[in-house]
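Coming up is one lone chain in structure tokens, specifically the form predicted on its own.
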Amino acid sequence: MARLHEYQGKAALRDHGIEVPRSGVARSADEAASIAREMGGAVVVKIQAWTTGRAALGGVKMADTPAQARAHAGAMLGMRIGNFPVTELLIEEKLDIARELFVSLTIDDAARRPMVLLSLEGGTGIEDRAEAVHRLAVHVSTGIDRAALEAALAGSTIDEGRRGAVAEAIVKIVETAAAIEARSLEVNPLVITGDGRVMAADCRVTVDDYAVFRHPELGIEIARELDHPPTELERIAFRVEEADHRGTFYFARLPHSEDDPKLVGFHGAGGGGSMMSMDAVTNAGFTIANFTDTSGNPSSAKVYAAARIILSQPGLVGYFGSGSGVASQEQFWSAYGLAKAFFEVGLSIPAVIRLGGNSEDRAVEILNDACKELPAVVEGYRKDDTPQFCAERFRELVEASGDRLQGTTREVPAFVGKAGSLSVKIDRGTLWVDLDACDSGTTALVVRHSSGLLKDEGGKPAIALSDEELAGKDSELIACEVECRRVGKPVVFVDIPIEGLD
């Protein structure tokens, strides 16, 4: 589920008729002071971070003057929440709060419908007051059960003259959630001010990933569940995923220090198997730099891109890949993508890859053979090799290596861009064939491994299909590249530059 910052959630609430405090977003201490000056009174300075307990972290401060707002902002900007820096602050008018309420809409999977949780005594300590929380059903077409809502308010100590405004605010919260396709929308607190206004003083919003494309107005960069604003690598990875529908690719940076002597890149396949594998490599004493998953029968190009992105993280001492052997996934396609990434960057740190599942024997053979000339040791394993076994073997290789990744630059063959080379545009890149290096035997080799995409024309490789038919065949062409390289004939190169890396 994609998350909104507080200021983004409040903008959505305001657009649907719910009153919110006057505010502005600051990205510098001077901006914070300027916004506070415009407010003309006391303000609250709040970090914008996807975490609970912001006040306890020093992320919520009161400021009576613009100078105080500037000082608080200077201390807050750059704060690290889970190793990710705070870059935005909400500068908001200080409210005179007379009463706090708690309103939370979530999707109740058991009831198979939205449900509103309502506490008329605020959200503090709500876990210990379950009996005082009202559960109000929401119909997907007609909205909240108004009779139940009015009954809950009628039994409360809220001033009778304000109950109508509170009910209307709750109705609008539900309408907001429906309009933006929120998976959850919590207003904590919904307040009644000293002058009788009903306002959303804070909020938390998550939006269904698959609905994000319908709501550009929300400003969500990445339709993924992250606990931090997206990093540049996460943006790069999401562009890869958006451009290639074959299988899934998920990349998330985890909290870590690049100076950690046990930092490893992680590449999983399938949720459950990935979780077990992360536990195994962590138990072996390593710190995981990222979580990555390529599953659902991904293309070789997508796995290649995932490996390149993982390896662009500095400070890695190893690359650990392991997941579950899912029924639809032919593992040799992943092996081709990994092998291409590894030899393109001249991998210098150990890699252990568990490729359990369909065609695992072929996958392990491809990976081991294609990577045998690399500076680093690359070992492939099967489903009967447990994640624990693989993690222990990985630990042995890392300890024997002692190497550390300081960044990778891919190697592009000299025949790329050279006059006389065969060059054809494909989806996401270009196919290159070194015609000058192709005698009759090499041409036969290229054609044999091209899955019918190339043909022998006068003793040289040539395109056998139309440009349109060839365009989406990057996986087959990567396979041809790797197979030619395995026998010492690196005459094929599939150039797939990754925006933001290359």
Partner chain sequence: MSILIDADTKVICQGITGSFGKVHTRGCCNYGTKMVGGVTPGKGGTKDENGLPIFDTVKQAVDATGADATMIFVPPTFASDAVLEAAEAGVKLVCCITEGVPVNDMIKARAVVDEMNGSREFTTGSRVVLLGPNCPGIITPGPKSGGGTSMADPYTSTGCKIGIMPGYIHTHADEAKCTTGKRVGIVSRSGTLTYEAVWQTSELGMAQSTCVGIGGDPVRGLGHIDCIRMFQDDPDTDGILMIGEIGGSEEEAAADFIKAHVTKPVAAFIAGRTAPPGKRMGHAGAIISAGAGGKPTGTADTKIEALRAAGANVAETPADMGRAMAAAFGL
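Positions refer to the first chain, counted from 1. The term rigid core refers to the maximal set of C-alpha atoms that superpose within 1.5 Å between the two forms. Note that the structure is a prediction, hence the values are computed from the model and not measured.
Another form exists, predicted in complex with the partner chain; not displayed. Remarks below refer to it.
- Just one listed stretch, out of 275-283, 370-378, 156-164, 427-435, contacts the partner chain in the predicted complex at the 4.5 Å heavy atom level, and that stretch is 275-283.
- Residue Glu181 is the only one of Glu181, Glu93, Asp403, Glu392 with a heavy atom lying within 4.5 Å of the partner chain in the predicted complex.
- Checked against the partner chain in the predicted complex, the residues Ala137, Leu397, Ala211, Val416 give one hit for a heavy atom within 4.5 Å, which is Ala211.
- The shortest heavy atom separation between Arg80 and the partner chain in the predicted complex exceeds 4.5 Å.
- In the predicted complex, Ala269 approaches the partner chain with a heavy atom inside 4.5 Å.
- In the predicted complex, Gly315 stays away from the partner chain, with no heavy atom inside 4.5 Å.
- When contacts are judged by a 4.5 Å heavy atom cut-off, Asp109 counts as touching the partner chain in the predicted complex.
- Along 367-395, a non-hydrogen atom within 4.5 Å of the partner chain in the predicted complex is carried by Lys383, Asp384, Thr386, Gln388, in order along the sequence.
- Ser440: CA moves less than 2 Å between this form and the one not shown after rigid-core fitting.
- Ser184 is among the residues whose C-alpha shifts by 2 Å or more between this form and the one not shown once the rigid core is aligned.
- Comparing the forms between this form and the one not shown, the C-alpha position of His228 differs by 2 angstroms or more, with the core used for superposition.
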